[in-house]
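Before any questions on binding or motion, here is one chain by itself as structure tokens, the form predicted on its own.
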């Protein structure tokens, strides 16, 4: 049936409604356009604490500055593969990521001091170093050379050695001839050799099968990673060498940082620090529980003469090409932080 004609009164009422709604629609569109988009890329899998921390950052920003930021979280390397984030940040194709000291050392060689074994004593020492004058000084160099701004340092874990077959390990000499998987960069391989083993480069995804088949004899990682990757199924001993206090750095691209006003920068830095506090608290709690878990899985847990490992590793670095990039006195300054 044909619709009845619209009266002039109905037409005017509809037009008035549209006219009243238009400013609100335009305001909504303008608000959406002025939101600062923060894309986050991380290789971390959803259940890991340094994946969950990004949700904390997002919630903190939503609470402190509603409507100002649009935070997009991309986990498991789904946006950028691990190791490619620094280039993406520098180009402005990515706003936020967590990158390692090894990533930074490629462009800021003096930062390789934090890839060396036994530079940092424990998680508390790590936080004091990076939250103090040394961290401020080195982070300034990172910004100048990499076009990124470090916001906070998170604790990833203390690296230990797990062995496919048990052996008596007291000193680095006891690891001689042992094929120890390490990531395939010169800094990682140097660390493996300094521990006394035969460093064997291998992608992380290949480690489980390599341990199972005997292609390698051992691997090193923080204990939460050992459990998450199920390495306890293919190893029989944990040696608590505690050779590297590992960390990641939450960084923002300089392009994104420079586009923010002072208040937004402060809110983002506070959100990053809240995310790190969440990660660190839960990571330390989990790490303390995992030793007992590994024992329950049938692994031997042994503690070597850590001091002998420390002396051997530090001596290996002292005369190395890697150490030549370290500013004079930096190692002593780090050690002096209490």
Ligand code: KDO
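Residue numbers count along the first chain shown, from 1. Note that the rigid core is defined as the largest set of C-alphas that superpose within 1.5 Å between two forms. Small disclaimer: the values here were computed from a predicted structure and weren't measured.
Keep in mind the form predicted in complex with the named molecule is missing from the figure; the text below concerns it.
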item	value
The named molecule in the model of the complex reached by all of 69, 254 and 265, non-hydrogen atom within 4.5 Å	no
Partner-contacting position among 124, 237, 82, 131 - heavy atom within 4.5 Å of the named molecule in the model of the complex	82
Partner-contacting position among 135, 166, 183, 109 - heavy atom within 4.5 Å of the named molecule in the model of the complex	183
Exercise: residue 299 in contact with the named molecule in the model of the complex, heavy atom 4.5 Å	no
Interface membership of residue 159, the named molecule in the model of the complex, 4.5 Å heavy atom rule	yes
Contact test in the model of the complex: residue 208 vs the named molecule, heavy atoms, 4.5 Å	no
Exercise: residue 220 in contact with the named molecule in the model of the complex, heavy atom 4.5 Å	yes
Contact segment among 42-50, 59-67, 274-282, 287-295, judged by heavy atoms lying within 4.5 Å of the named molecule in the model of the complex	42-50
Core-superposed comparison between this form and the one not shown, residue 218 Cα displacement 2 Å or beyond	yes
Residue 206 C-alpha shift between this form and the one not shown of 2 Å or more, rigid core reference	yes
Core fit, then residue 255 C-alpha moves 2 Å or more between this form and the one not shown	no
